[in-house]
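Single chain ahead, by itself, as structure tokens, in the form predicted on its own.
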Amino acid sequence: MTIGSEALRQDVWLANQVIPKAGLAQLTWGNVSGVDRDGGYFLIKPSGVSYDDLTADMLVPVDLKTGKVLGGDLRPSVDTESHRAFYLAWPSIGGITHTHSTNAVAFAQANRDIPVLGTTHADTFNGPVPVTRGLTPEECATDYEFNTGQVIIELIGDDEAAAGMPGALVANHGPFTWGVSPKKSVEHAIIVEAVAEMAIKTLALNPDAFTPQHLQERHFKRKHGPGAYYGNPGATKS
């Protein structure tokens, strides 16, 4: 018996297909998951399977509470425990994406936040996309992937904070993004990579570039919160 609803399988499969199409990863360096809170499980890309070969039926179901694989013959992504940590910490999120996109990884490897240098960034992220502290030797030696999730949770904070900052960089590693659905999480991954590339080019032209706080706030609030007016009623927000 295949575990996982057909709708969620399609959503997670389609979101994984966006990764190579958007140039977010080389080879198999990326994964998307989606959660069924009522069912108590999430689906995630299997480890090492190419995007061309991936089918919806190959997605691996994982118990949200225990991390146990619930069915199938494939091993889940090595990042599964990081995804599980986020789902446990942030009840409002429905999807998670991890990639090794070039420009975002450059900031992660430099141990540097992606600064807010324009309105494109401020439309999605309520401040710089932050980078975590480095993991300790002990955190790398035991439960490494779960601890990778924990350093982001430590950095971002609670569920409300995660909604306003739907992405972060793991120091010396790369970006994780999240959202209300698998689709939205991969959209945030695209935006992280785009603003990282823009930031690198902007800083090359003007190392002192910045965006005024009032402009940042205006752009974020017109898309988020009770006063938001971007988009149209009835348009999908998934």
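Start at 1 and count along the sequence shown; that's the residue number. This structure is a prediction, so every number in the text was calculated from the model and none was measured.
The following text describes the form predicted together with a further copy of the same chain, which does not appear among the structures shown.
Colleague: Even though a further copy of the same chain is not shown here, does Asp38 get within 4.5 Å of it in the model of the complex, heavy atoms only?
Modeller: Asp38: no, not in contact with a further copy of the same chain in the model of the complex.
Colleague: Please run the contact check for His224 against a further copy of the same chain in the model of the complex: heavy atoms, 4.5 angstroms, yes or no?
Modeller: Flag for His224 set to no.
Colleague: With a cut-off of 4.5 Å between heavy atoms, is Gly67 one of the residues that contacts a further copy of the same chain in the model of the complex?
Modeller: Answer no; every heavy atom of Gly67 is more than 4.5 Å from a further copy of the same chain in the model of the complex.
Colleague: Find out whether any non-hydrogen atom of Met165 is located within 4.5 angstroms of a further copy of the same chain in the model of the complex, and reply yes or no.
Modeller: Output for Met165 is no: heavy atoms all beyond 4.5 Å of a further copy of the same chain.
Colleague: Taking a heavy atom within 4.5 Å as contact, would all three of Val49, His100 and Ala194 count as contacting a further copy of the same chain in the model of the complex?
Modeller: Result yes, every residue of the spot touches a further copy of the same chain.
Colleague: Taking a further copy of the same chain in the model of the complex, which residues of 85 to 120 have any heavy atom within 4.5 Å of it?
Modeller: Heavy-atom contacts to a further copy of the same chain in the model of the complex: His100, Thr102, Asn103, Val105, Ala106, Phe107, Gln109, Ala110, Arg112, Leu117, Gly118, Thr119, Thr120.
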